[in-house]
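One chain follows as structure tokens, the form predicted on its own.
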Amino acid sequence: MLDQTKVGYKFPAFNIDVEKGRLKMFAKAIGETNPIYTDEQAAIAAGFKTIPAPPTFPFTIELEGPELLPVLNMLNMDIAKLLHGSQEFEYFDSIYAGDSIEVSSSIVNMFAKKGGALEFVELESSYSNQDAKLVAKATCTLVYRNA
């Protein structure tokens, strides 16, 4: 069983600079064809200050943190027994090329199903820009198989 006392644990925050090339590559990788995600002039013409981040981009920011999936070590989880159950995003403003984004994450809930054979870990992340403005939140549910 995973250590339920870790609910509420806050992982160390970190900052990532968002670069235009990275946004363009991400747009291409997800099949996004709207030119606002790849052409700065198209983005400006559409009312953005520069190239905005495509939807779901905040998740990739977390992969740039000092430790990949720090919850694995925190809860002593075997990655072979782990499944990415779900991911939800809530947006408050755009993330732009040139922004510096601070990522703050915590474990917000843990529960078991099937008599403890499956455990669920809910993580919440907040993304704030260089002006300390909250631009997005994400909730991720990991499913851990104990059997």
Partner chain sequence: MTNINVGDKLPTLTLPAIKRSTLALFAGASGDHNPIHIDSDFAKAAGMDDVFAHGMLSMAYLGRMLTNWQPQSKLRKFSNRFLAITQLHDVITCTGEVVDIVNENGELRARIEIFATKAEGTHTLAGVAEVAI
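Positions refer to the first chain, counted from 1. Everything quoted here is computed from the prediction, not taken from an experiment.
Beyond what is shown, the protein has a form predicted in complex with its partner chain; the following relates to that form.
Determine whether any heavy atom of residue 25 comes within 4.5 Å of a heavy atom of its partner chain in the predicted bound form, and answer yes or no.
Output for residue 25 is yes: heavy atoms within 4.5 Å of its partner chain.
Should residue 54 be counted as a contact of its partner chain in the predicted bound form, where contact means heavy atoms within 4.5 Å?
Answer yes; at least one heavy atom of residue 54 falls within 4.5 Å of its partner chain in the predicted bound form.
Contact label in the predicted bound form: residue 98 to its partner chain, heavy atom within 4.5 Å:
Residue 98 lies outside the contact set for its partner chain.
Answer yes if any heavy atom of residue 111 is within 4.5 Å of a heavy atom of its partner chain in the predicted bound form; otherwise answer no.
No, residue 111 stays farther than 4.5 Å from its partner chain in the predicted bound form.
Here the chain is shown alone; which of 38, 104, 60, 50 has a heavy atom within 4.5 Å of its partner chain in the predicted bound form?
The residue in contact is 60.
Heavy atom within 4.5 Å of its partner chain in the predicted bound form - qualifying residues of 57-89
Counting only heavy atoms within 4.5 Å of its partner chain in the predicted bound form, the contacting residues of 57-89 are 59, 60, 63, 64, 68, 79, 80, 83, 84, 85, 86, 87, 88, 89.
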